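Presented below, as structure tokens, is a lone chain in the form predicted on its own.
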């Protein structure tokens, strides 16, 4: 019972500390970056205003503080917590370099893969082990001890980069992360894997706080710092809770968006080098799909193919589709062995 109470306290305070730290840090980081010219162009608004970029640093702060809270309240989680925050910070560093210097389309996935090796290395000295090397899938478990060590960094790289590719309009990445992390939190409860809940709660907390500033009209952008690190956090929290299959289903919207984009472009291409944008902005601010066959195919382009949509409508379309994916993920819970 003490074990469960400790986890409940850790979960609640992890969410609260992550939320408050991100809420306080975001406007300060946004102002700091704006003064130093670290800004991004809001392409989907008339006039293309410049918005402070790399605001995802505040989410890294929130996740770091919540991790310290977890260690204090639940000391036996040392290896889980250490691997979680070091993985997220490692991927976050890749995002910082990309935001400041720009990384090639092939270099970024490679570096996030390398960052994803952190938990593999930490699992060697960890006792008890952070992960045992098997996947919980519908109707059974798959034991892949050696292969899992390769699939783990691949999963972290895929999750972080698909989240990075699915932030087309104000609030989509943060809002989708709220829906996905809430789904994983419910899944950790329903599958008796509540020991992963403090980490998932920390993701939910920082995403909620950041959404307040990133929703339409955005006052700050997460940058690759935010999108990559939050994607990695979701992936690795699901590993801690053995919720990989559920997380995969929950992120189907982000995965499909990435697949459509990559297939239409013929491979990995840095978005800064794409000459034709998938959508264009009308004089009244509505977004409409590009008719140029060279433009990449994205979910945003699909949403606006039949009629022009406001930026809010596009964001809500992503939230609805993500919610549908998450409902499918929750439906699979009774099929996953406990």
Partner chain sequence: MVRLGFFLNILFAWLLLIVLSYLTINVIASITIPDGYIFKLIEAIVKALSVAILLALWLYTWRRISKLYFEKLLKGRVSVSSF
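What you see is a predicted model; the values in this text were computed from it and never measured. Positions refer to the first chain, counted from 1.
Not pictured, yet referred to below: the form predicted together with the partner chain.
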Point to revise | Which of 308 to 316, 26 to 34, 56 to 64, 42 to 50 sits within 4.5 Å of the partner chain in the predicted bound form, heavy atom basis | key: 308 to 316
Check your understanding: Counting only non-hydrogen atoms and a 4.5 angstroms cut-off, does residue 281 reach the partner chain in the predicted bound form?
Key -> no
Practice item. Verify the contact flag for residue 12: yes if a non-hydrogen atom of it lies within 4.5 Å of a non-hydrogen atom of the partner chain in the predicted bound form, no if not. Key: no
Point to revise | Any non-hydrogen atom of residue 264 within 4.5 angstroms of the partner chain in the predicted bound form | key: yes
Review point. Contact between residue 161 and the partner chain in the predicted bound form at 4.5 Å, heavy atoms?
Key: no
Exercise for review: Decide if the three candidate residues 8, 134 and 179 all line the partner chain in the predicted bound form, where lining means a heavy atom within 4.5 Å.
Suggested key: no
Review point. Using a 4.5 Å cut on heavy atoms, which of 189, 212, 114, 252 is close to the partner chain in the predicted bound form?
Key: 252
Exercise for review: For the heavy atom contacts within 4.5 Å of the partner chain in the predicted bound form, list the residues of 298 to 325 involved, in sequence order.
Suggested key: 299, 301, 302, 303, 305, 306, 309, 313, 316, 317, 320, 321, 324, 325
